[in-house]
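Below, in structure tokens: the form predicted on its own, a single chain.
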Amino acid sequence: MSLHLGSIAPDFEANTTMGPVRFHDWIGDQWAVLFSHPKDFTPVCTTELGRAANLKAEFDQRRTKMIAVSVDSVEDHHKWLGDIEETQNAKMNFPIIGDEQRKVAQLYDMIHPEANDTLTVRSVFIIDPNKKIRAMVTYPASTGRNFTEILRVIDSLQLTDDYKVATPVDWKDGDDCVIVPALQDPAELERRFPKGYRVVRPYLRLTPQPNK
């Protein structure tokens, strides 16, 4: 099954370092980030999981849960946690799925045979409370992820869900936003954007971030 933006994230049951989960139930009414790492006891993954753990408060502010997965066992994950915590000055505070049978990896197309036919690539799936996939990013095993960027994408998704705006290049929380081109009625523009807006081109109108 091909997964696209807007697809329902496949549900599954799995064992994790924090006990068994049924994925959709675990998400509940929050957002979620599901991300894979190629293998336990590897250097880049160690830095990534430590960084994610240290950013948990930032994800919590965005009503977003994190859950990681690799094709190693939960037992191996538990053995590895001490290394992550010691070397990254982090306390692991989100679950890691054991996926020895590659059930989750196959559901989410996380194994790319052209890159490696046994290990997962660095996949990221951002999933909303309706269990829809809202963003996907795939990195090679050699490239560690930027979790600040993942937070930025969540900020953009949550903002643009609530307001008729899009976020321009290099946008970050607090920057000006783009008014969607479909919105043309002057009265509605005035009502929706009381802080005003500036017209760069008829199709390019910038307004202060509406929820700030």
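Just so it is clear, the structure is predicted and the values come from calculations on it, not from any experiment. Residue numbers run from 1 along the displayed sequence.
What comes next is about the form predicted together with a small molecule, which does not appear here.
Think of it this way: in the model of the complex, the small molecule has a heavy atom of just one of Ile179, Met66, Cys45, Leu159 within 4.5 Å, and the residue is Cys45.
For the residues Leu81, Ala90, Val124, Ala141, the 4.5 Å heavy atom test against the small molecule in the model of the complex is passed only by Ala141. Stretch 37-45 is the answer when you ask which of 146-154, 171-179, 37-45, 55-63 has residues with heavy atoms within 4.5 Å of the small molecule in the model of the complex.
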